[in-house]
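Only one chain comes next, encoded as structure tokens, the form predicted alone.
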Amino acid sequence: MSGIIAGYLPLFDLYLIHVGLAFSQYIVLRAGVFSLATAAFAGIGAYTAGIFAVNLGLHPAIGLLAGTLTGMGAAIFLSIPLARLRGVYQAIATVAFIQICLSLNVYSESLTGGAMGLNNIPKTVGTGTLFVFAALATYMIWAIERGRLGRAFNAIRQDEAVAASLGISITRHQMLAFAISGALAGLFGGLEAYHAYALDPNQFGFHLLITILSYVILGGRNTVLGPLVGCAILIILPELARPLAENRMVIYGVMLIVVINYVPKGIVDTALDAIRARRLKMREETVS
């Protein structure tokens, strides 16, 4: 039994790391920003934490703090020009930002190890630490959703003109969403660095972007449970069908197309809507 648990422990660790990245993507979409820069923020946080450990020999706690702050700083910096853009133009700009970060990681060989990556990072983060941070991230997003900030994000996402008429600052709230997104991605990128021994610049490229976006689109964009469920499904599915594991990105792409066409709200949001509709119908029948 212990052997089975140990065999699936790396998969659970991957889930915990990607839950944090999924929430990073979720929060900006919740605030009405079509940003895809989570992969870049995660790379910035991971390399910052890795450099602090390998090149400077500092304590992992300092590296995680530095990774979180650099991810947040990069997000705030990016939010300034993105405030002038909307929709698909935001997506294009953030994809370009990912490519810039990827190129810097590859060509800054003296600092990042270049195409060979950053190696010999001491493994100081285990399953327990990942679980604690994933739980804290989940609670933070849940608290935001239930609070005044979450209601402001919802208003902006639904109609910016109405939100502005209610006295909500669009630019300030979207910048705040970016800051939270960057901090989460930087933190979990740092956790990835201290968990995986080495960093490859390509792991923070386009494929990670698609993976993270798939978690949120599949699970749902309107509830905290959505990214949790979407992440679990897409991580477990290739393991249940091992011959398909090498075609993971193909599976993600096909599922995105299917979900967008047939379950546009995501699995969790669609299920919750069905439950609410059923309860409402039962109440009406009871009253009548």
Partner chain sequence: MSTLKLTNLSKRFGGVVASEDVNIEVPAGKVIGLIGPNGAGKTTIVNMITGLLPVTSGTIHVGNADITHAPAHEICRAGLARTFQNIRLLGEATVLENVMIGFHRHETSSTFAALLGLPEAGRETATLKERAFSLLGEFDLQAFADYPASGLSYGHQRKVEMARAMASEPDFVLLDEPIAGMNDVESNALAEIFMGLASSGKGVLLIEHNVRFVAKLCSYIYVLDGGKLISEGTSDHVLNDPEVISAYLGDAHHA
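Residue numbers count along the first chain shown, from 1. A quick note: this is a predicted structure, and the numbers were derived from the prediction, not measured.
Heads up, the form predicted together with its partner chain isn't pictured, but that's what we're talking about next.
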> Where, among 190-198, 99-107, 112-120, 149-157, do residues come within 4.5 Å of its partner chain in the model of the complex by heavy atom distance?
Replying inline: 149-157
>> By the heavy atom within 4.5 Å rule, which residue out of Val132, Ala164, Ile92, Ile80 makes contact with its partner chain in the model of the complex?
In response: Ala164
> Of the options Leu85, Leu208, Met140, Met175, which one has a non-hydrogen atom that comes within 4.5 Å of its partner chain in the model of the complex?
Replying inline: Met140
> Should Thr127 be counted as a contact of its partner chain in the model of the complex, where contact means heavy atoms within 4.5 Å?
Replying inline: no
>> Is it the case that Ala274, even though its partner is missing from this view, gets within 4.5 Å of its partner chain in the model of the complex, heavy atoms only?
In response: no
> Does Asn222 make contact with its partner chain in the model of the complex, using a 4.5 Å heavy atom cut-off?
Replying inline: yes
> Given that the partner is absent here, does Ile180 sit within 4.5 Å of its partner chain in the model of the complex, heavy atoms only?
Replying inline: yes
